[in-house]
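For reference, the chain that follows is the form predicted alone, supplied as C-alpha cells.
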Amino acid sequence: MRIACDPRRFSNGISRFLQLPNGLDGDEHARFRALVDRYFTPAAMAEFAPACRAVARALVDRLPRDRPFDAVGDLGAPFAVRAQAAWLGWPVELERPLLDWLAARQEATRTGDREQLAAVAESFDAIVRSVVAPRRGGDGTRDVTDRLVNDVSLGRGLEEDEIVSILRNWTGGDLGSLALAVGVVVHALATRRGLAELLRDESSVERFDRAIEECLRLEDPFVASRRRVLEETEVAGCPVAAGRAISLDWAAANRDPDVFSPPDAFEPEANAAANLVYGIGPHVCPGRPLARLELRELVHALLAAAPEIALAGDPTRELPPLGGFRAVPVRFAFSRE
C-alpha cells in the first residue's frame, strides 16, 4: 500500500508502450485520469445499466438448463466481450474476433512468450483502430467510443495513439479480468453456503458489492502490477536500487494475515476497507464502477434463472501470472439434492 500510494519514488511508467492513463505519473497522470474518470461517473453507469442488464439476461437465457456449462468459457468470456462492446458501442461482428483475441492473449500471458504477446497486442490495436476510424469527425453523441474519439477536455483533441491506448486500457485488460472475475464469483455461488441469499437481497447495492469483492479477495484474479523504482530505497528492509522493476502482489496482499485474520474467512463488511482487489492510490482501477455494474447485473440474471448453482466437476485453476480459475463447470440446480 505504501508503494502504490507513493508515485514520487515508485513510477507506473514501466512499459515501453504508451499506456494511458496508468503508465503516467504526477500531473500528467492526473490530467488524463480526470479525462478517463468522466466516463465512469454514477450518471454514466446509470445510463448504461439497462443495456448491461439486457446483455446479462440474454446470455443467461441461452445457457443450458439440462447440462453443465463452464462459468468462464461459456459465460464469463462472452459476457465480458458483449458487455464491453455494448458500453463502447462496438458492432456485434467484433464478438468472435474479440473472443479469439482474448483466448490468444491469455495463452500468451501464461507462457510469457514475448513474440506472441507482441503479436497479440498488434492484432488488438488493429481491432481498436477499425472502430476509431469511422468516428473521426463525429459529434461525440453516437456512443462512448465516439465521445472519446472527439474528446477535447484536455484543451485539444486526442491523438490517434492516445485514443488507441485508452481504448486498449479499457478493453484489453478488462476483458480477461472480467471473465476471470465471473468464474470466481460463480464458483463462490456454487460452493459458499448462504451467498446466494445474501446477494438476492437488493436493499443495499454497497453490501452487494462488498460481498462480490470479498469473493474476489479470496480468489483474486487481479494478481499483480509493476512499478519502477526511481530512487534508491528499502522495501521491507530490503535495499532496492534505482531503476529496478518491482512487482506488487495484490493477491498476496489480499491474504495478508496481519490484516485479514484469518485470511480465508468470508467477512465482507469487516474486510471491505482493506480489500485491494481494485488497487489503491492514484492508480486505483478507474473502471471499477463499470466492473461492479457488470458483475451486479450478471449475478442478478443468474440468481433469477434458478434457485441454485452447483458445481458439476472439479474447477481448473489458472496459471500464474493469471489468477482465479481457467474453467469452472457448473449447472443450474432446480431442487435441493
Ligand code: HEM
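Model, not experiment: these values are computed from the prediction. Just count from 1 along the sequence shown to find any residue number.
Not pictured, yet referred to below: the form predicted in complex with the ligand.
*Asks:* Although the ligand is absent from this view, report whether Leu63 comes within 4.5 Å of it in the model of the complex, heavy atoms only.
*Replies:* Output for Leu63 is no: heavy atoms all beyond 4.5 Å of the ligand.
*Asks:* Going by a heavy atom distance of 4.5 Å, is Arg82 a contact of the ligand in the model of the complex?
*Replies:* The answer is no: Arg82 has no heavy atom within 4.5 Å of the ligand.
*Asks:* My question is simply whether Ser177 lines the interface with the ligand in the model of the complex - judged by any non-hydrogen atom within 4.5 Å.
*Replies:* So Ser177 counts as contacting the ligand.
*Asks:* With heavy atoms only and a cut-off of 4.5 Å, decide whether Trp170 touches the ligand in the model of the complex.
*Replies:* Result yes; Trp170 sits at the interface with the ligand in the model of the complex.
*Asks:* Out of the stretches listed (50 to 58, 303 to 311, 66 to 74, 272 to 280), which one is close to the ligand in the model of the complex, meaning heavy atoms within 4.5 Å?
*Replies:* Stretch 272 to 280 is the one.
*Asks:* Please determine whether each residue of Ala188, Phe266 and Val328 possesses a non-hydrogen atom within 4.5 angstroms of the ligand in the model of the complex.
*Replies:* None of them does, since no heavy atom lies within 4.5 Å of the partner.
*Asks:* Heavy atoms within 4.5 Å of the ligand in the model of the complex is the criterion; list the residues of 12 to 34 that meet it.
*Replies:* If the 4.5 Å heavy-atom criterion is applied to the ligand in the model of the complex, 12 to 34 yields Asn12, Pro21, Asn22, His29, Arg33.
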